[in-house]
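Okay, here we've got a single chain as structure tokens, the form predicted on its own, with questions on binding and movement later.
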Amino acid sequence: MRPHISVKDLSVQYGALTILNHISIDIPDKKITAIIGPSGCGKTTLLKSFNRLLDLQEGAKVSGQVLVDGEDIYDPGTEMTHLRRRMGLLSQKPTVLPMSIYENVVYGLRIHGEKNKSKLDQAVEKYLREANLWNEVKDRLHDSASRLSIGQQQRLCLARGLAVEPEIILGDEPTSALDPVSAEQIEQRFLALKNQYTIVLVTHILRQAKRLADYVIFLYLGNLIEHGPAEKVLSSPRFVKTQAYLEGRFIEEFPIAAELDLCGGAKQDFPFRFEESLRGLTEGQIFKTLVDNEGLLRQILDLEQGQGHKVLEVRQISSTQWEIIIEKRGIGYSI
């Protein structure tokens, strides 16, 4: 799948608090990507990094890169109005503007200089239809948007976002404040629109991720634990923390019995020191190794399949280093 957004070694801090820790991920083009994880794990922070809304958060410090179609949006020369026009945002609670339904839809178009009444009229109908709202409001376009139901307001916000012709739709738990019928209407709109837009949703509803997502990202405590095609991640996750979250179980940290640093020149000792470290463990004990080479990382992940030892987690801890957590299984030592 071709990436539309590429995140490279992204970290976000608020003061001394780290919210996202060295995240590297590709968001596929014209698919629905769901970001899942428990509350406080960094889901919304990751979403807001895509359109630089983090700039509005006092004390936020961002490092790394976010590339949209290859353009680094955190480059000092990035034009913010152009960037945010490329991305529509639906928040948890709909935020209609204190004006008519019509003026809500054309608000962004007017900001960008569109004055032609015929074009504005056409845009209102087109995007209210795309949001599945036209038939409900076509006879009261000049009524206040605040008179709409919450579900209708959220669809109006979707129409307003689509009117500036973005490439990407971001949704921060966009159905959490809606009743089931309104939530289903929003979900159906996303499914209908995904062939035209890249859609990225934060959701705490696993059923929603299963219904909508083509791709899933699982975050825990600011770390990227697992990502991949939705069917694979949600049905047969590779890592135990993902499995625990999907099953509604408490996520525990691993008791580390031994550690091995294979960075720098030490990687030349692989696999001998690796085998030696495992030899000293009993079955079920947990082993942590540190690597700074993607080739070696892949070697260890591939060798897991042949020897039966279980890789529990892979965590990027800097731009060039990864921690691999392994559970010893079986009686063999050799990797």
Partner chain sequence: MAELTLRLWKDQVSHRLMILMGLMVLFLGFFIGGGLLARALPVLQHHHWDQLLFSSQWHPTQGQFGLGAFIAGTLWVTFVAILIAVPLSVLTAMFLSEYCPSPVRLWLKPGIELLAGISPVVYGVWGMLVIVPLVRDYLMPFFSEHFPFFPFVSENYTGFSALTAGIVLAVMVSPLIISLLEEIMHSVSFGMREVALALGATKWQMVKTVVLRKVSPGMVAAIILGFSRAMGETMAVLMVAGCAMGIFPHSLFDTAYPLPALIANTYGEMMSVPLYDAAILLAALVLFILTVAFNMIAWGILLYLENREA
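Numbering follows the first chain given and starts at 1. All values derive from a computational prediction rather than experimental measurement.
Another form, the form predicted together with the partner chain, is not on view; read the next lines as being about it.
Contact annotation: Q57 falls within 4.5 Å of the partner chain in the predicted complex, judged by heavy atom distances. Put simply, G222 is far from the partner chain in the predicted complex: not one heavy atom of it is within 4.5 Å. In the predicted complex, at least one heavy atom of Y107 sits within 4.5 Å of a heavy atom of the partner chain. In the predicted complex, no heavy atom of L290 sits within 4.5 Å of the partner chain. Just one of V62, L67, L53, I286 comes within 4.5 Å of the partner chain in the predicted complex, counting any heavy atom, and that one is L53. V96 is the sole member of L234, I251, V96, L141 with a non-hydrogen atom lying within 4.5 angstroms of the partner chain in the predicted complex. Only one listed stretch (226-234, 155-163, 179-187, 124-132) carries heavy atoms within 4.5 Å of the partner chain in the predicted complex, and that stretch is 155-163. Within 4.5 Å of the partner chain in the predicted complex, a heavy atom is found for none of I256, L260 and T282.
Looking at 109-130, the residues that come within 4.5 Å of the partner chain in the predicted complex, counting any heavy atom, are I111, H112.
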